[in-house]
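We begin with a single chain expressed as structure tokens, specifically the form predicted alone.
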């Protein structure tokens, strides 16, 4: 059995010690979002990267987990942390019948059906106002004032997700998943129940995505249908995180999450306040207008980044790390 890379252990240790030296709530918030995306990206990766079943609607499972936590408070009067225990289960219970219906169909049907599932849930959450609060959403009081407890809870969940995914991929299930991805007909000829193991993969993926949604509800304290069922903010972002980091790799989604969250915040904040600072110092409206353009340019940059990765690093940063290392550190020819 392969050992966990030393770099991964060092990274986790560094992240665990970070709040001791980084007291800024802004950066802790970014790190919490990064860790949430490690969970979501790893969950999508086990489904699409290892089993070959691409999902365009993973926001459906994220939103289900978030609403499970919120509804526990809204209708049951329980703590939203109980939703942490049941958010993943609710998403998994949604995924199992959905997979049973869609997996006998091959090709793009599952991807399109997952997109439809997400849209259906978003509209149901919108029109069922008495049950979900509709567009007013659900608001809860945060349990902790400090971001540090949320940070450590999210870090623990992210590490647990990576450990479970790594254990599954190195088990018999993992070999079945990869065989289905490579050639479903060949896998069936070897006696593998492909529909069963695609459902297993979906159940694991939905569980962790739903758990991430429940954590988001507890941390942010507010959700509405267009927030947690957003196609762009969650379904598409999950795909980008995995593609940039490396589809079909254990640590690719973690690398992709760091890059994508960093880029998104870089543009959202106008290069971390640089344009605002220059505008205040110079008194010019040009920088203010430039900041407004930059804040909406992250989608374009995401698209360019994905195209570049597909053209030059088709296996993602982690998958093609050997190629990157050779290109950057290759020895120069002697004169």
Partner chain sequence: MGILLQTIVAGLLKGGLYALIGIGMTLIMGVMGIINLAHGQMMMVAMYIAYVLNTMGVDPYFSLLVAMPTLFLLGVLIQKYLLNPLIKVDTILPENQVLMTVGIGMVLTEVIRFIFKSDYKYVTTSYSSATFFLGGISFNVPLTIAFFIALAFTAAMFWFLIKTDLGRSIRATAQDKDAATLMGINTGRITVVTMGLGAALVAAAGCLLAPVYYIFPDLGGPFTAKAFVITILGGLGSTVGAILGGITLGMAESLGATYLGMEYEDIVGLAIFVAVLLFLPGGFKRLTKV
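Please read these numbers as outputs of a predicted model, since none were measured by experiment. Numbering follows the first chain given and starts at 1.
One more form of this protein, predicted in complex with its partner chain, exists but is not displayed; see below.
(request) Establish, in the model of the complex, whether 109, 113 and 123 all lie within 4.5 Å of its partner chain, using non-hydrogen atoms for the distance. (result) All of them do, each having a heavy atom within 4.5 Å of the partner.
(message) Which is the contacting stretch out of 294 to 302, 27 to 35, 263 to 271, 63 to 71, given heavy atoms within 4.5 Å of its partner chain in the model of the complex?
(response) Looking at the other structure, the answer is 294 to 302.
(message) Looking at 259, 239, 220, 203 here, can you tell me which has any non-hydrogen atom within 4.5 angstroms of its partner chain in the model of the complex?
(response) For this set of options, the contacting one is 239.
(request) Counting non-hydrogen atoms within 4.5 angstroms of its partner chain in the model of the complex, say which of 85, 96, 127, 148 makes the cut. (result) Checked against the cut-off, the match is 127.
(message) Given that its partner chain is not shown alongside this chain, does residue 180 nevertheless sit within 4.5 Å of it in the model of the complex, heavy atom to heavy atom?
(response) Although its partner chain is absent here, residue 180 would stay clear of it in the model of the complex, with no heavy atoms inside 4.5 Å.
(request) Flag residue 133 as yes or no: does it have a non-hydrogen atom within 4.5 angstroms of any non-hydrogen atom of its partner chain in the model of the complex? (result) So residue 133 does not count as contacting its partner chain.
(message) Although the partner isn't part of this model, could you tell me whether residue 90 comes within 4.5 Å of its partner chain in the model of the complex, counting any heavy atom of the residue?
(response) Residue 90: no, not in contact with its partner chain in the model of the complex.
(request) Give a yes or no for residue 232: in the model of the complex, does one of its heavy atoms lie within 4.5 Å of a heavy atom belonging to its partner chain? (result) Result yes; residue 232 sits at the interface with its partner chain in the model of the complex.
(request) Just give me the residues of 63 to 80, first to last, that have a heavy atom within 4.5 Å of its partner chain in the model of the complex. (result) Residues within 4.5 Å: none in this stretch.
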